[in-house]
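Only one chain is given next, in structure tokens, and it is the form predicted alone.
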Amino acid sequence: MKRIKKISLVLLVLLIAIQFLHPARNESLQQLPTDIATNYKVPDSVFRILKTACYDCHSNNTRYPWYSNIQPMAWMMANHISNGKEELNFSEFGGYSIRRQTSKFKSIADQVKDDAMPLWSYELMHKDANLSDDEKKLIMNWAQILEDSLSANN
């Protein structure tokens, strides 16, 4: 029993100590010239959905919830955001090659169609990111139109 108390005390001290270590936040607070909305026509209805369901992990501006100040949640979120931006970053979309942009538009439509995005774990904590069938259709149609347009011009 004494050993369990010592281990619990050490874990508690570690949990308190890690609260002072914070990863860098993903907040540029500016719209870059490479932002997708600067380079492509994004209807307001689509842009609203992208901002609500995608931008936290796929842009340079994340809306941080209250639990992002608690470790290890902040580290998990930072890792998740880093992985998301590596796959697709709407803030830097205009800097991608045309071939990569075409591929990303196809991927956006496919991921939404297959319910792969937004991730279920994100939807669990962000109820406003649950996309209705109509919202999914808006995103898929928009992405398909842009994919077709890029493919036809190149």
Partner chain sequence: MKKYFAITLAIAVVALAACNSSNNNSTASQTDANKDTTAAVHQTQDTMPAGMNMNNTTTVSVKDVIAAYLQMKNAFTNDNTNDAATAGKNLQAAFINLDTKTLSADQQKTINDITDDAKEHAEHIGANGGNIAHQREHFDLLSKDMADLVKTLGTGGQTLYKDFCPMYNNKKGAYWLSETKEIKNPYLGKAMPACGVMKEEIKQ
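These figures come from a predicted structure and were not determined experimentally. Positions refer to the first chain, counted from 1.
Below, we refer to the form predicted in complex with its partner chain, which is not included among the displayed structures.
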Consider L119 of the chain shown here, and say whether it contacts its partner chain in the model of the complex, taking contact as heavy atoms within 4.5 Å. no
Check Y40 for me: does it contact its partner chain in the model of the complex (non-hydrogen atoms, 4.5 angstroms)? no
How about Q111 - does it come within 4.5 Å of its partner chain in the model of the complex, if we only consider non-hydrogen atoms? yes
In the model of the complex, does K104 have a heavy atom within 4.5 Å of its partner chain? yes
Suppose contact means a heavy atom within 4.5 Å; in the model of the complex, does that hold for all of L21, E86 and S97 with its partner chain? yes
Suppose contact means any heavy atom within 4.5 Å; which members of 57 to 76 contact its partner chain in the model of the complex? N60, W75
